[in-house]
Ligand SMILES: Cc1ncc(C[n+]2csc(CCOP(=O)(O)OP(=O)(O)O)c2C)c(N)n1
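Encoded as structure tokens, the following chain is the form predicted alone, with no partner shown.
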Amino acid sequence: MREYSDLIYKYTRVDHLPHIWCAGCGNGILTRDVAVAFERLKLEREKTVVVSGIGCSSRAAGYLDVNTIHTTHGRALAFATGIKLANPELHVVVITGDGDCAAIGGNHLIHAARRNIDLTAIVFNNNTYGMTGGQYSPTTPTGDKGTTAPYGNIDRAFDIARLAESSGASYTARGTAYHTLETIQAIERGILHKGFSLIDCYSVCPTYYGRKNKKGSAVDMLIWQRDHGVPRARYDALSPEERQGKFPVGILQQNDYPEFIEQYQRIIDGCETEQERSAFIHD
């Protein structure tokens, strides 16, 4: 990855540094992965938009030097939908967190996936609400602790990728802060895919989630990802017993479903007169 070291300056608003993330946080690694994907795809800055909501993950929009909008909690996908409908030529990428998209924003997630609108959602999933004090989130594993679950979380955790797939997303993938190459490739494929794409990226939060659950240092948490994350092709070859405690990394599924904006445009094109088309768009 040494050849991409200059991306720190090319894709970062250096006047916004130093960033707010804690030492050892995986969000910086994942933000770099997004920048590398942009570079490898040669995306035009003027035609690239990054939308975020609220949370540690969502501060990435402020650091990336493309068109960006930092929106309200849980509403990043709603704002992104409006941007994409207004200008379908844009590459619209949403950076969100497990709390932002699966709790307060859960309704927007399932309907963006159901519509199969051409957006790329990248989830920085750290199993906690890191910005507001370490409360348990929709992806906190059952039994793990948070400041709002001092005796252990009794909820079952969401698998955000499976949630998106079951809601209609036509592309889902998984990355981690450790599996850099697989994560970059998953983001690239997601941006190129025509339809709703979601990449569930496992981050690490040593300050709150890790410390509260005795996960060790940030390095220990990355080593855990290395030892438990398995590239999809190898994961598929494992027996059910061998899969215990493991999770697949890479592209999870990809389908060719009708895309929302293309269907919307067909309705506009089907209007018989210019007056009807104008009324349809503005009403």
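Residue positions are given as counts along the sequence shown, with the first one as 1. The structure displayed is predicted, hence computed values, not measured ones.
Form predicted together with the named molecule: not shown, discussed below.
J.: Of these, I83, A149, A161, M131, which has a heavy atom no more than 4.5 Å from the named molecule in the predicted complex?
T.: After the contact test, the surviving option is M131.
J.: Could you tell me which one of A78, I104, A157, I110 places a heavy atom within 4.5 Å of the named molecule in the predicted complex?
T.: None of the other options qualify; the answer is I104.
J.: Considering non-hydrogen atoms and a 4.5 Å limit, does the named molecule approach G175 in the predicted complex?
T.: So G175 does not count as contacting the named molecule.
J.: With the partner left out of view, is C56 within 4.5 angstroms of the named molecule in the predicted complex by any non-hydrogen atom?
T.: Yes, C56 sits close enough to the named molecule in the predicted complex that at least one of its heavy atoms falls within 4.5 Å.
J.: How about D98: is it within 4.5 Å of the named molecule in the predicted complex, going by heavy atoms?
T.: Judged by the heavy-atom cut-off of 4.5 Å, D98 is in contact with the named molecule in the predicted complex.
J.: Is K194 a contact residue for the named molecule in the predicted complex, using a 4.5 Å heavy atom cut-off?
T.: Result no; K194 lies far from the named molecule in the predicted complex.
J.: Would you mind picking out the stretch of 90-98, 161-169, 182-190, 140-148 that comes within 4.5 angstroms of the named molecule in the predicted complex, counting non-hydrogen atoms?
T.: Single hit among the candidates: 90-98.
J.: Would you give me the residues of 67-90 that have any heavy atom within 4.5 Å of the named molecule in the predicted complex, in order from first to last?
T.: Contacting residue: only H73.
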